[in-house]
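Structure 1 and structure 2, given next as structure tokens, are two forms of the same protein chain, each shown alone.
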Structure 1
């Protein structure tokens, strides 16, 4: 790792600070400006005005907006993301982290499956270009992608769990056979996108001179496909893989709802409905930080893999 790379990483991370600042101001402002506040949720429909006043005072909602924001940033600087009003006595961090962990594990399994299927399917479709197999394969995965996830969860859990009794449904931790269906439902709709990207990438590589050279040398077709085509076509794939990584920490709402997984997306829905100010903000900031990090990691990876990439010149 040369000095240029370290400098680049530092520059990118510094650039992230103002972006995160803008995001926090926007979301903070939007949440507080929107009608309704957590106190309504805590107290229900009928309550004494004095009780509401007391609670607003406790959480500081009675103070001017900028005072609240400055206070929030001060706490944030100390690593304090605030408290949850939905789960009283829990900090936002305590609410989020265990659920992010659950969602991430399931999401990671699904991601491996999506790319593990999508990449070979894409290569296959590209090599079968011009025959009926190519559109058939791609259309099949596109059809799967068209089914809304909440329909997929209902149908699969009804068919495989209730009718055929192949798998259990209730949440039983990540390490059990019960997560087979959620992982499949999460992974399979994404295959179409990966396959299409990979297909396009392979097709652009197919036209390169070195492929013709490799074939002209009399190399075995399998060697050409795996060594020359697939490896080079994988390069742009790094961005796709990298950018889908932060997404898995956000969970998948309909999968978590459909299969009763106590993950972060379910928590997001609850937080958004409550509204649970600090938890929503923590979720948004957490997601944004992961996104920024993923981008930096992608750029650094490219610099390692492809020495022609000049990091200073790359646009974000």
Structure 2
């Protein structure tokens, strides 16, 4: 990694810092000024004004908004995400991290399967353009994508668990066969979008002069496809893959509820309904960090693949 690329990465990370700062200020302010009182949630039916006053003083809710924000950032720097008013015996960190870990493992496997199937399907459909295979392949995956998630969850549970008995329905953790159905339900509907995007990218590459030159030289078709067509068609796919990465940790509400998975999507819904302010704030900030970092990774990958990107940025 040369000094030019290193400087480009540093500049992108420096630009990410003020973006995250603005997001944290806006989200913190909106949640703190939202209707409701977290102290009311903690005390519930045992609300007493004296106890409420002590809790507000303990957690700093009686202080000015900017003082609360500075204190929150200081605690955040030490890994403290706040307190959970929904789970009074746990901090926000204790609530979020285990559930994010569960959802992330399922989301990662689903993402690998989606792109692992979608990219070759898109290449195959593009190379078969003009034949019945092209619309047949794409239509099959579009039909699968059109099935609602809750319907697909029910169908797969009925077929593979109840009828065939291949997997169980009670959640036993991500390291058991019970992870197969959630991953399939999450991954397969997304293949259509990846395949269509990859198909369009390959078709645009097929019309380039260097493809015709490679074939005119007598190279094997497999060499032309893998070294020239697929490699160059993958460049736009980097953006799609990068922007999909934050979704790994986001979970899927219908899938988690349908399969009884104790993931972060179900916890997010409960936190929003409670409301559990510190958990909501931590989830929004966590998602924002992932999204900003994903954009930085995309820019860095483009700069690594194409030096003209970082050269143009340096000139600008």
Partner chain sequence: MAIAEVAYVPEIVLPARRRFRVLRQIVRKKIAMLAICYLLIFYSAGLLAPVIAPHDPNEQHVTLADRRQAPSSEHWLGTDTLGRDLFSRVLYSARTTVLFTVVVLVTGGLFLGLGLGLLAGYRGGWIDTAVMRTGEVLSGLPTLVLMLAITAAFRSRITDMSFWLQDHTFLGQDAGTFLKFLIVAGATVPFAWVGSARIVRSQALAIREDTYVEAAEAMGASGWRVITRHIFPGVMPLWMVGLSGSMAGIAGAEVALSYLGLGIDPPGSSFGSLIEAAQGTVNLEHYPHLLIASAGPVILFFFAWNLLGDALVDLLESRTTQAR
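Numbering follows the first chain given and starts at 1. Here the structure is a predicted model, which is why all the values come from computation and not from measurement. Rigid core here is just the name for the largest C-alpha set that superposes within 1.5 Å across the two forms.
- The form predicted in complex with its partner chain is represented by structure 1; structure 2 is the other form.
- The Cα shift for residue 247 between the two structures, taken after rigid core superposition, is smaller than 2 angstroms.
- Relative to the superposed rigid core, the position of the CA of residue 286 differs between the two structures by less than 2 Å.
- Core-aligned CA deviation for residue 261 between the two structures: less than 2 Å.
- Summarising the core-aligned comparison between the two structures, the C-alpha atom of residue 46 is found to shift 9.9 Å.
- When the rigid core is fitted, residue 15 shows a C-alpha shift of 3.8 Å between the two structures.
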